[in-house]
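Next up is one chain by itself, shown in structure tokens, the form predicted on its own.
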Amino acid sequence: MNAKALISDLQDYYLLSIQGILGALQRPFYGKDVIEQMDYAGAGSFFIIVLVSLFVGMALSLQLAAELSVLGLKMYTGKVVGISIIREIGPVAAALVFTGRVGSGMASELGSMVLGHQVDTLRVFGVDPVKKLVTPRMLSAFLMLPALTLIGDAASLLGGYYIAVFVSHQSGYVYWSSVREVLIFENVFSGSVKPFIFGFLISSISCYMGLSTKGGAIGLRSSTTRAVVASIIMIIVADFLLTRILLYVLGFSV
């Protein structure tokens, strides 16, 4: 892809994102579509995010307990697990799982509608396809990913508790006391802001890639793959930038 094509794609993506955001503020409101997309993005992703988060917490606790025990600091396992999950690992893990399930689904669904000329049909009937198709998906991801991240964080902390107590033979009271120490405003705020940004990025990128589908089945495969890859890259980049900004804003020295 040359520079001219890249700039053109970025311009189209920004315009689509802006139109999708403005669509939430203008009539008509497609409330039923929003609810359907929230059910698909939220309830449909609940089990897999809980499962992944549980084992992420268990693996993190297991590794930290092994390393900290060498230093005689095993009692800090809960604190390190808590701050790692709440600030960084929880939001990123949930966003990556969300991308694999919901983002790819959005891209493939919209791509199929483009190839089946359903999007053109909406235009013929005077319906704005961005407002009808993109805005509900953006709203659902923006609202549901933070909720799923919160649930995933809880599952990760429970997984860490299981390893700390039943494998490393630590005190459950000490573990939860250490976790409570990191539940301060700065940490919770940092972990709460990121899912909103991730949800917007995943949905907007996936919708853009889906609506840009060309070339039949091969084009659909390509657009879905590009949606997932681009979303993953932007999640990692945005996580770094947000972490740097939040550390500065909240007064942490680096």
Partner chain sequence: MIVFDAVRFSYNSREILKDISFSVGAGERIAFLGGSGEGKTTILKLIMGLIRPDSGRILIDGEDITCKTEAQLRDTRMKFSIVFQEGALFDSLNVKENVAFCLREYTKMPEEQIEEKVKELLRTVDVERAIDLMPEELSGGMHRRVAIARSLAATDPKMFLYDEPTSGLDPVNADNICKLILDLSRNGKGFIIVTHKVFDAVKVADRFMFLYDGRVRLDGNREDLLHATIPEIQIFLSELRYTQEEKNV
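Small disclaimer: the values here were computed from a predicted structure and weren't measured. Numbering follows the first chain given and starts at 1.
As for the form predicted in complex with the partner chain, it is not shown, yet the points below apply to it.
Of the heavy atoms in residue 132, some are within 4.5 Å of the partner chain in the model of the complex. Put simply, residue 150 is far from the partner chain in the model of the complex: not one heavy atom of it is within 4.5 Å. Residue contact check for residue 124: one or more of its heavy atoms lie within 4.5 Å of the partner chain in the model of the complex.
In the model of the complex, at least one heavy atom of residue 30 sits within 4.5 Å of the partner chain. For the residues 177, 168, 171, 118, the 4.5 Å heavy atom test against the partner chain in the model of the complex is passed only by 118. Of the candidate stretches 152-160, 109-117, 72-80, 179-187, only 109-117 contains residues with a heavy atom within 4.5 Å of the partner chain in the model of the complex.
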